[in-house]
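This document opens with one chain alone, in structure tokens, the form predicted alone.
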Amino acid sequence: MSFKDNYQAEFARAAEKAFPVAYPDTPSSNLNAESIFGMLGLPKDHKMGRFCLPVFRFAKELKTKPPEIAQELCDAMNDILAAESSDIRCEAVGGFVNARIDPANMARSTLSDILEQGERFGLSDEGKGQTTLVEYSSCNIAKPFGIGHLRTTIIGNSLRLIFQKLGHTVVGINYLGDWGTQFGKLIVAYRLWGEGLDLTENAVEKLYGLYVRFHKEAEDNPELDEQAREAFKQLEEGNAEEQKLWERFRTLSLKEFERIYALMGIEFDWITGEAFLNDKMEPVIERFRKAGLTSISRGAEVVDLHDEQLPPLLLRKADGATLYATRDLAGLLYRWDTWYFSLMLYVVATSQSDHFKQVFKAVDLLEQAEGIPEEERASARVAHVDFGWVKFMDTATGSAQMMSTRKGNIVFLEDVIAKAKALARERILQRNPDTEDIDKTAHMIGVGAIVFSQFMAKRQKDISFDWDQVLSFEGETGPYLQYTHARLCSLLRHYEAEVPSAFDPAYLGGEEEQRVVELLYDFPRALHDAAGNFDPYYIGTHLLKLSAAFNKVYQRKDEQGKIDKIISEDHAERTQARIVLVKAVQTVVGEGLRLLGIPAPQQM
């Protein structure tokens, strides 16, 4: 997704006009505002300007050194911008034309926009008429919600909110793993060892215990695997007893998942599962047959993808059983027929990359064979939003370990939330024991710590889930952002008056204030970066920069070495301007936290 900064667009238009002025004998038909806009970058040091135009690429055509080009262009642009009463002024630095914005006017317009729009700041209608589907979380029935499910759930939930903010109609989908041979294993395990279990409490944990026991027992008794295959076959054929057990396991699991999602503030628009597609696979397989794309290989029905990097996609096993890929094909085509989406995102771990390449390629081949134009194909509107592993740090050995539901070495998310909440409660009692509703605030901080831990790195990178790092309340963490928000709320309460709508931006002319204003102005760009890269990391990083910049203002000292207070009875107009800045930062930090799925406490 692209984002057109108003100042950059104005700068690019001025540059388009300036080229023929500075170099009248040089063809410049390709130097239109649109192409120049795409050339703009950021100076290495933000103090050198808001953005810049590198001119090195023009040196050969103009037969002039880049510094000279930059100066000639800068002079012409400044004349044009001055004539238009623009807030932009240019400065030539080496081979760059740097843009500076009048700080007072930028502060006035940016802060006024935020005061007027509130949490709607950054809201866009560019996605109007577009439907975006986001599939995330997708837990397996009868298995606990563990740390392994954390990243897909948190990233997907945030992307749902971000695309809503940008005007899309968004459908958040929880596609449950509620079908497959593992249910045959669970049915066998339940009949062997679980008939007397009380499933009124901790049902999923107890079912999971049966599942783990099955795999341990099957290592010495392979006959159990055969029994499991037979049990699942009976389930697929609609056997009443197997069906009743499956429905019970599913109902108990959904109830437990809903409770965990509520603890985390996670929402969905449609909860479905693999079983929903059982009657939709055969028509899809038939479409592939009619298109002449299927063949038989060792008794199995496959689709040759004609790609050396991808093996054929297996539609049906030799014994007639369908597979996860078959259901994903049916699911993608069902969603296409139902929503005719503009974009469909699958938020699933990187380990499934080849699977999605196969599925997307198979659908593309089908649509090609059926004569569907490329711009009208579902396969052109799907994307796999991959992410790295979450590894649990073993505090005893100091090494990261992969988690396995089969082996039982899974970290329950609820245990992590409970530990985070307990630690947060201790910190609150130490810092601010008068906080209202300490338990509620501690829960908000604990969830914030856990959620932000997943945004501390870009999504493609692996994350080592380290207790000390995740639950730290210092540095670049969720609690740090929450504490900044709470501090801003405290300042607004202490002001004891309405935030003024009029203010003098001259009182915000310091270097620290200017940096805060710039980062406030850049918030919509961070939203677009997050959407364009399918990664909320960009919002998290931006909030950290904004919080750090504001805290420099908050902690700044005057010439006597005393804290330069935001609120001062001796400087009413200066205080008004600073309170406007405080309100703007509080608004943007609060909205940014919401988009990340992090609660924003007003007290800590």
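Numbers for residues come from their place in the sequence shown, where the first is 1. The shown structure was predicted, so the numbers you read here are calculated from the model rather than taken from an experiment.
Below, we refer to the form predicted in complex with a small molecule, which is not included among the displayed structures.
Using a 4.5 angstroms threshold between heavy atoms, residue 435 stays clear of the small molecule in the model of the complex. The small molecule is not drawn, but in the model of the complex it has no heavy atom within 4.5 Å of residue 256.
Contact annotation for residue 348: at least one heavy atom lies within 4.5 Å of the small molecule in the model of the complex. Contact annotation: residue 140 falls within 4.5 Å of the small molecule in the model of the complex, judged by heavy atom distances. Interface residue among 149, 165, 108, 421, judged by heavy atoms within 4.5 Å of the small molecule in the model of the complex: 149. Interface residue among 232, 483, 175, 452 relative to the small molecule in the model of the complex, by the heavy atom within 4.5 Å criterion: 175.
Shown alone, this chain has one stretch from 243-251, 281-289, 314-322, 132-140 that lies within 4.5 Å of the small molecule in the model of the complex by heavy atoms: 132-140.
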